[in-house]
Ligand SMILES: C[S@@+](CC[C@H](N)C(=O)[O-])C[C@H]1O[C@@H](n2cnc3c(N)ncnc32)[C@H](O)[C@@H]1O
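Just the one chain here, the form predicted on its own, laid out as structure tokens.
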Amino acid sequence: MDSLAEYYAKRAAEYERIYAKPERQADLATLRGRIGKIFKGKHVLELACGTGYWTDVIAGTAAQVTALDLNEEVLAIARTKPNASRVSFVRGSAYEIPDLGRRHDALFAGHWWSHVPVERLDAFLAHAVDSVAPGAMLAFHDNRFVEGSSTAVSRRDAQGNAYQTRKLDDGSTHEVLKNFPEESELIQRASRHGWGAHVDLLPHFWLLTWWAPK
């Protein structure tokens, strides 16, 4: 099994096709509006920014954005987005966030929570909270499982992680960890690392927000 980073490096050029699915357009329009609104005027740290789809949305209203990703292949695409000149791109891992002086008052990660093994979630979230300013707002957005739209889950491991089998344009097949947490789990996890956890559920996606301890 390739590492997640290797998989997304190979998938970089075809990644944004997920945003072209007709059945997801209404949800995506709603999310773009909400995400643009909640980050208006904020200094945002984005983890695992990928090809910059959500980075561009955030940069349209935020005061400043620092976008982090491990893969140069996806960062190269992110730098071509319309609002890229308003973003500081940093190459690095979401598990090893560099010291940025805790100057960001907001944090975002889109389509990343689902790729974090359940046994690593609390450690990851604690590190994320420690990387931003006290009282910062945190927001995560990801997929819900929808029969007929989502790729089927091919197996689960002993820890409860789900996996999908995915095929790329080059014909290669990859097993990718992809979890689909319930609303109650999202609230419980976030509440261990701050306060005011809230989940917006859309037909195809969820948006979780909460605030870091002051």
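Please read all numbers here as calculations on a predicted model, not as lab measurements. Just count from 1 along the sequence shown to find any residue number.
Just so it is clear, the following notes concern the form predicted together with the ligand, a form of the same protein that is not shown.
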Query raised in the report: Considering A162, L70, L28, V57, which brings a non-hydrogen atom within 4.5 Å of the ligand in the model of the complex?
Result: L70
Requested in this report: Scan I77, L138, V132, A94 and let me know which has any heavy atom within 4.5 Å of the ligand in the model of the complex.
Outcome: A94
Query raised in the report: Does H104 reach the ligand in the model of the complex if we count a contact as any heavy atom within 4.5 Å?
Result: no
Query raised in the report: Can W112 be called a contact residue for the ligand in the model of the complex at 4.5 Å between heavy atoms?
Result: yes
Report task. Give a yes or no for V44: in the model of the complex, does one of its heavy atoms lie within 4.5 Å of a heavy atom belonging to the ligand? Result -> no
Report task. Examine A48 and determine whether its closest non-hydrogen atom to the ligand in the model of the complex is within 4.5 angstroms. Result -> yes
Report summary line: TL;DR on 34-42, 182-190, 147-155, 49-57: the one with heavy atoms within 4.5 Å of the ligand in the model of the complex is 49-57
Query raised in the report: Quick one: in the model of the complex, does every one of V199, W206 and W210 get a heavy atom within 4.5 Å of the ligand?
Result: no
**Report entry** Stretch 3-33: residues contacting the ligand in the model of the complex, 4.5 Å heavy atom cut-off
**Finding:** L4, A5, Y8, Y15, Y19
